[in-house]
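Next comes just one chain, in structure tokens: the form predicted on its own.
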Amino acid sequence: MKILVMKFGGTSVDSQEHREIAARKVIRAKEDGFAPVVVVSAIGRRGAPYATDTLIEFLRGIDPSVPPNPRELDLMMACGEIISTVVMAHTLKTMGYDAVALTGGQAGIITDNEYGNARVLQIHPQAIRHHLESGRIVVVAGFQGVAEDKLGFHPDITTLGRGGSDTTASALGAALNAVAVEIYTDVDGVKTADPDIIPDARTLPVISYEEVAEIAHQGAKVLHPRAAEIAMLHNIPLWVKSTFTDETGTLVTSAEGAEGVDLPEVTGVTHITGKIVYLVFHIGEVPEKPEIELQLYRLMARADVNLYLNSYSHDTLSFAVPRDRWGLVQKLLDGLVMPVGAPPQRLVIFRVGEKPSREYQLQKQMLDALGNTLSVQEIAVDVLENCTMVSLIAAKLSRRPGVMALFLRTLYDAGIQVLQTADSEMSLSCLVNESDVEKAVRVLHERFVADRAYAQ
């Protein structure tokens, strides 16, 4: 039995017309001898009645001052995919094909207990295999599973975080030993840049697992990085295709799988969609600096905040956070008191921004009342808002001598102010003002991708 996992995103199932187009692709795979396992996202995007963001806003809107319990929030968020699953299965039935809808739990997806960002621990695919062997098309709700408690029961629905339906598809592909996983979107593959900015951006025929994961980490929405990592671990071919065309799409595979293909030195240019906020912590040259940094990173991890452009110096730490998480981060940091040393030798208090807030002043007054019991150090945090990150994905080029100079010169010549830089084995990144992001993408794409001119 040749199992093929086919995942359809929200724009692929947001109308009757689009669902029928998606269903015909599933039917074609069935008639070509594959056993399709279909994974679907919630119907539509923000504003659509069954979209995940709409369901979240409805729940939080009951009383904005009372945050939903994470368990109940996951129950609410899972509803969008369940509705979409039933609708897609019924659509296939109306077109003459036997299909069955399964929630993540019914599909055997077991996760940890991290509500809102759960990790898949294992999959028991017996139910899926039973339905496939009976000739049915299986439609699975993406983005969700069930958490196993100490008694071995599965009482709680969990969700897998943003892009979780991609993760569901890859995890099912691994558990079912699928011949491939196909991710269907509204673009015809992985592009060299956002087509909304570069209309003639090329579709890459082949890309490595590492490159597509890097593109995803640096802001592209074409595929969730966790999905690429799962596929890489199990060496499952991944395809990124369009629901609305018959283009071949992009094959995501290992370096060995791409043998014989002339891969470009530069994969493309990507950017973070939406603003980010850049923070500089003036810690000073103190022995406890590594401990302070570690506690800050742990705090951000517990708050589920992604960090970008991490940078160190002898007396500072810097990183960027998503703009939509800035309110939470500001509340966590402003006036935060942190003991350092073991046992605590002193206390540090964080002051966010130039003007001391009421929260900071109240905390500082209480610390001053301690007198000389423990010394107190203030850590000022500079804040730079309305920024975003632009990255050049260039696994072959990023280590070439002089490439960072060329990268920066391209931006400087276009009149773009670079606020911070970072690099890795896979990419070169910079922080720019949000108003410059489209220009930055265009000039970098023209310099490194379009004309292939790398001369210094």
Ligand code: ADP
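All residue numbers are counted from 1 along the displayed sequence. What you see is a predicted model; the values in this text were computed from it and never measured.
One more form of this protein, predicted in complex with ligand ADP, exists but is not displayed; see below.
Classify Gly80 as contacting or not contacting ligand ADP in the predicted complex by the rule of any non-hydrogen atom within 4.5 angstroms, answering yes or no.
Gly80 lies outside the contact set for ligand ADP.
Contact test in the predicted complex: Val190 vs ligand ADP, heavy atoms, 4.5 Å
Result yes; Val190 sits at the interface with ligand ADP in the predicted complex.
Exercise: Leu296 in contact with ligand ADP in the predicted complex, heavy atom 4.5 Å:
Leu296: no, not in contact with ligand ADP in the predicted complex.
Quick one: is Asp186 in contact with ligand ADP in the predicted complex, heavy atoms, 4.5 Å cut-off?
Close contact exists here: in the predicted complex, Asp186 approaches ligand ADP to within 4.5 Å, heavy atoms only.
When ligand ADP is placed as it is in the predicted complex, which of 194 to 202, 228 to 236, 288 to 296, 132 to 140 ends up with heavy atoms within 4.5 Å of it?
Stretch with heavy atoms near the partner: 194 to 202.
Of Arg346, Arg71, Lys331, Lys221, which one comes within 4.5 Å of ligand ADP in the predicted complex, counting heavy atoms only?
Contact with ligand ADP in the predicted complex is made by Lys221 alone.
Is any part of 1 to 39 within 4.5 angstroms of ligand ADP in the predicted complex by a non-hydrogen atom, and which residues would that be?
Heavy-atom contacts to ligand ADP in the predicted complex: Lys7, Gly9, Gly10, Thr11.
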